[in-house]
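Next up: just one chain, as structure tokens, the form predicted on its own.
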């Protein structure tokens, strides 16, 4: 551990930590756009500059490693002037339509423009990036809002490892591109959406997010992703009891700041009208068990042969205790009549390792069969 001073506050931090991370961990906010704690250091936005005792010029805090005895100031008139000018430059090539922008309330450029009182650019506006790409069902790419921070490029390279996008051209023609600006589907993109997760502006937005309300209109619900047994923490943005989009939770988790494609975009089943939300028992079985008074018989045409049959025509809902009782009693009857090997257990990849362990223990130790399989297809 080494000791340094930031804004008069003594801080102990692990050697090798950069100054920006040390400040953020200790509740000292330094403006930053291109920096992300899970990605390599870029230093491109220059907003995180600080003054270091013994240095003539401000230095980028993201690119400076902490050292014993450093004395650092993160706020001063000089730094404020530098940051205001940098924000001014960003706004020269960025639309000022925050009042109608979907990212309003969570856009970092908007946040810092507000904090430093930059209402508009003092330069001649250029708006050089006009490309709008709505070429996939998951997210849109609106280049006019891109500030070329490079977060999306680095996460695609360093975290996902597919290198689907990169910087193209120079100067005012610079933009983030797929090969030859082709559609995302023709690139190596796996549509994980982690580029959307790290984008600080509205350059990348989920399609489901568009025109669905401002950030402050959305309720945040933390949950655990149910698509596999990893147990990724996930945060749903909800409005009127409907999921608008999903992102990684800000809380400490096994998945950090990122999600897979299924976790980020595979939540539409939650509001699907065909989703079963409670156990169902076939009507003839319900009658034989005394649950229903309707003497119903299975029709000649099986519901399995009907495209999208009405579940209510064949089944009635029951509570979980009743369902458990029916399943357990039927298993006992089968074992008594035909032996334990007449039963097979199929585990689920959506369960945790611990749950699957308990399932195979039930099959082997309780029912008495080794007929246990697992379908790992999600």
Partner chain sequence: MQAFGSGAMTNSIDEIRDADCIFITGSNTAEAHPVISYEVVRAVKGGANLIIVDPRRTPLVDHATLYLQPHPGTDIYVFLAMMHIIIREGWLDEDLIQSETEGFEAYSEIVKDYPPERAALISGVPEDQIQLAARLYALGERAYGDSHYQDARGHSTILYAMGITQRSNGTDSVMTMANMSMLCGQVGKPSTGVNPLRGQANVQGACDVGCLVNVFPGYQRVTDEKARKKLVKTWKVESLPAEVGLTIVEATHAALEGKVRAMYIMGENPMMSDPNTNHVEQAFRNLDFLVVQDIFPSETAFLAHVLLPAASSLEKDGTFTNSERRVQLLQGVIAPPGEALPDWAITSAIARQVAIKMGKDSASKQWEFSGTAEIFDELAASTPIYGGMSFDRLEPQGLQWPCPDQEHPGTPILHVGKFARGKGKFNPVEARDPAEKTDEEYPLNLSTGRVLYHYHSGTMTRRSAPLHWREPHSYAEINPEDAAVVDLKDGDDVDIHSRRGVVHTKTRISNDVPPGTIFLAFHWRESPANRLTQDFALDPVAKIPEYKFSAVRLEKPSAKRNN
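Residue numbers count along the first chain shown, from 1. Since this is a predicted model, take the numbers as computed values, not measurements. Rigid core: the largest C-alpha set superposing within 1.5 Å between the two forms.
The same protein has a further form, the form predicted together with its partner chain, not shown here; the description that follows concerns it.
- Within this chain, residue 304 lines the site of its partner chain in the predicted bound form, having a heavy atom no more than 4.5 Å away.
- Residue 372 belongs to the set of residues with a heavy atom inside 4.5 Å of its partner chain in the predicted bound form.
- None of the heavy atoms of residue 59 is located within 4.5 Å of its partner chain in the predicted bound form.
- In the predicted bound form, at least one heavy atom of residue 309 sits within 4.5 Å of its partner chain.
- Just one of 145, 90, 112, 265 comes within 4.5 Å of its partner chain in the predicted bound form, counting any heavy atom, and that one is 265.
- Note on the partner interface in the predicted bound form: the residue among 100, 122, 169, 241 having a heavy atom within 4.5 angstroms of its partner chain is 241.
- No member of the trio 13, 82 and 132 reaches its partner chain in the predicted bound form with any non-hydrogen atom inside 4.5 Å.
- None of 26-34, 62-70, 346-354, 44-52 except one has non-hydrogen atoms within 4.5 angstroms of its partner chain in the predicted bound form; the exception is 346-354.
- With contact defined as any non-hydrogen atom lying within 4.5 angstroms of its partner chain in the predicted bound form, the contacting residues in 167-205 are 185, 189, 190, 191, 192, 194, given in sequence order.
- Superposition of the core reveals a Cα shift of 2 Å or more for residue 318 between this form and the one not shown.
- Superposition of the core reveals a Cα shift of less than 2 Å for residue 46 between this form and the one not shown.
- Annotation: Cα of residue 15 displaced by less than 2 Å between this form and the one not shown, core superposition.
- Pairwise change in the predicted bound form: residue 38 and residue 349 C-alpha atoms lie farther apart than in the shown form, at least 3 Å.
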